[in-house]
Structures are given as structure tokens and as C-alpha cells.
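Before any questions on how it binds or moves, here is one chain, the form predicted on its own, in C-alpha cells.
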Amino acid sequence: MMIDKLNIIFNERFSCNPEDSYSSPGRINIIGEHTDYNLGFVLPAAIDRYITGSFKKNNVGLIRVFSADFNEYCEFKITDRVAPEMLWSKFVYGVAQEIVKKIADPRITTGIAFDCVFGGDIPLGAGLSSSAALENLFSFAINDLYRLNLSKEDLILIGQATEHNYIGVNCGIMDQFASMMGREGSVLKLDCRSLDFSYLLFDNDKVRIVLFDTKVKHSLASSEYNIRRLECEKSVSILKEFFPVISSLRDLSMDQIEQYKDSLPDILYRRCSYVAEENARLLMVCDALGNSDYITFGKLICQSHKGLRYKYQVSCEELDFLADAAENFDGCYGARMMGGGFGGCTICFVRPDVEEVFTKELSESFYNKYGTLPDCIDVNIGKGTHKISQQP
């Protein structure tokens, strides 16, 4: 088990046993891509893939962290003004700094010092939000270890601020929210403006979730993500002339966008129309799930991919190939790219009786086309960030 492995490493590295262990999941997104930073709706779920950490407070005044997956170590004081160099350590440092800002009481925060060994089974670069899982792991653990009494909503915002201020990704709230608030057997309908949320049951016995990781990581991903945000903000600034009360694309219907289409450059029109359509699709998906109407559900999922491919333009050849092949497979309800785009995973929804054949045929088709096999990831819906145990 992961926790046993981490505890052994912890003892070897710090010459003692950990006190507490925590786990934080990756996430999938059923539908609602790039709608979170437009303050729209998303429909994510936590998965049964986790980053797990063993922790113990220390009296040496340092935050000392070892990554079992990368076989790398970092240490820093919480008062240090410069982040460590390794990318994963910037997440840990950023979380610590955002907690300092939130608590705003140096009598409490200067005493934060602990040892940690962490590792996990969330595939990196597959669009499953291992970064949000890592942020949530450390914010949740620090909050619990030091009895800071921060709410889960506080911790979610701390993770988002870490991405903005220390990683340079101007992300929305969805990834951290889904990882923190996930519930087994349910997807989470989240309003990214009000942060109101509700749970919808997802019947894993009737629909299986299969991810195909293309293992493609196009360098465009991070830069284009930020460009899309700027394009959406530019669209809002133009359309405010006609709708002064709007604050985001969430506030606009497709009819309103069509009404003033000629005032928008074509590329901005496509971005706007995708966001409006995706928000509407998401609400229809919720209805379809509530009625166990998986045919309608699947059609909407396929429409989502086409919107991302042609209107938001964040897909890539490999993702399109898998989405098209899945859509044409008898027994697959629907498929689409998932995540920021330009690589990563497709998410496919299939009947349980065809899952094995589906996985085999799509993998072979991809290999015949590109000469590499995609990683096939079978996931279940898991629970959100949580404390595993208190060590004896």
C-alpha cells in the first residue's frame, strides 16, 4: 500500500515515524471545460487516484519535504521569500505562503514547521489535476496539523491562489473544488460564480468511465490557456457596451451573443459561443443523468468535444482521433477531450459489457495511427481530500 511505502521512507529519512497521513484525489470533468474561469457551471468528480502524504511536526524550524515519485527533497523556512527551484516544491511553498497571508498572524504562522514524504498514483500530464491534488494535500494537512480552523472553501481558494501567484497559471476554481469536495459515487455540479454546489448520483454499474491518455504534451498548453482567458475577458469588455451589467461570459445567452455577433472579431465570437453553449449543455447533461438517459447524455458529451475542437480550438490531432473513434464505436455513449487541451486525456463513457473490447480496439487503432499506445486509465469516482489515519 502507498501509505506503508511512504511511512518506511519517512522513517528512513527523518529517523522517526509520521504522526498523521492525508490523501487528496485527482479529478475528472464530465462536462464544462474552460467554463470555470468564465464563472459558469462545471460537472467534475474526484477519482480513486490520489496523492498521499505522511506528516509530522518538527522542532527544527523548517518545512522539509521528500517526493517519493521524483526522488527529490526540498526544505525551506516559512519566512523564506524565495521559492525552491523544483516545480513540485513551488506548489508546497506557495500553499504555505498563501496560508500565511490568510491567517495574517505571525505568532501562529512562523511556528509552522513539519516533515513530509508524499507520493501518488495520479498520472502526471494527463489532465487529472495532480497539481490541485498536491495543493489540497498540503493545505488540508497544514490546517489540520496546526488547528488553523480554515474552512474547506478557504483551502480551495488557497490552492487556486498558489496556481496564480507561484506557478503562473491563471486557473479557475474547478480543480481544487472537485478534489477537495468530491464524494464517492457522485458528480459535483458547481456554480463557479456563487460556489453553490450539489451532488448528482453517477451509476458506475451502468456507465463505465475510461480515460485514454495520449501521452501528448504540446508546449502550447499553458500559454494558450492564459490566452483563452484574455480572449474571454476581451469579449466581455466589448459586449459590456450592449449589456452593461455583465461581468463574465456566464451572464450571456447564445441569443444575446448572436444579436451582437457583428461587433465581435470572428475568433472572439467563437470563444463566446462555445462558453454559452457549454453552459447550456451542462445543464442538459444534469437532466439526462437524473433521468438515466445515457443516449442524450452521450450526444451532449460529443457536442462538447466538437465545441472545444472547432470553436475554442484547444484540442489536438491525437485527442480528435480518439474522440472520433470512440463516438463511432457501438456501445460508447460519448467521448471528448478533457482538461486544458493540447494533449492529455479523452474521457469516454461506455457500457460495461463492451468496456474490454472498446479499450482494446481504440488502443490498437491509436497505435496503428501514431506508433505508440495510449495509457488506458479505468477510474471510479472517489472521495475528496481527507485524513487517512492518525499514526499510533
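Note that residue numbering begins at 1 and tracks the sequence as displayed. Keep in mind that what you see is a predicted model, and the values were worked out from it rather than measured.
Just so you know, the form predicted in complex with ligand GLA exists too; it's not on screen, but the next bit is about it.
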Per contact check vs ligand GLA in the predicted complex (non-hydrogen atom within 4.5 angstroms), the hit among 334-342, 358-366, 65-73, 52-60 is 334-342
Original post:
Using 4.5 Å between non-hydrogen atoms, is Gly32 touching ligand GLA in the predicted complex?
Top reply: yes
(message) Since only the chain is shown here, I'm wondering whether Met180 would be in contact with ligand GLA in the predicted complex (any heavy atom pair within 4.5 Å).
(response) no
I'd like to check something about Cys232: if you look in the predicted complex, is any of its heavy atoms closer than or equal to 4.5 Å to a heavy atom of ligand GLA? no
Using a 4.5 angstroms cut-off on non-hydrogen atoms, would Phe197 count as touching ligand GLA in the predicted complex? no
Picking from Leu282, Ile156, Ile99, Cys171, the single residue whose non-hydrogen atoms come within 4.5 angstroms of ligand GLA in the predicted complex is Cys171
Assert contact residue (ligand GLA, in the predicted complex, non-hydrogen atom within 4.5 Å, options Trp88, Phe321, Phe202, Tyr225) equals Tyr225
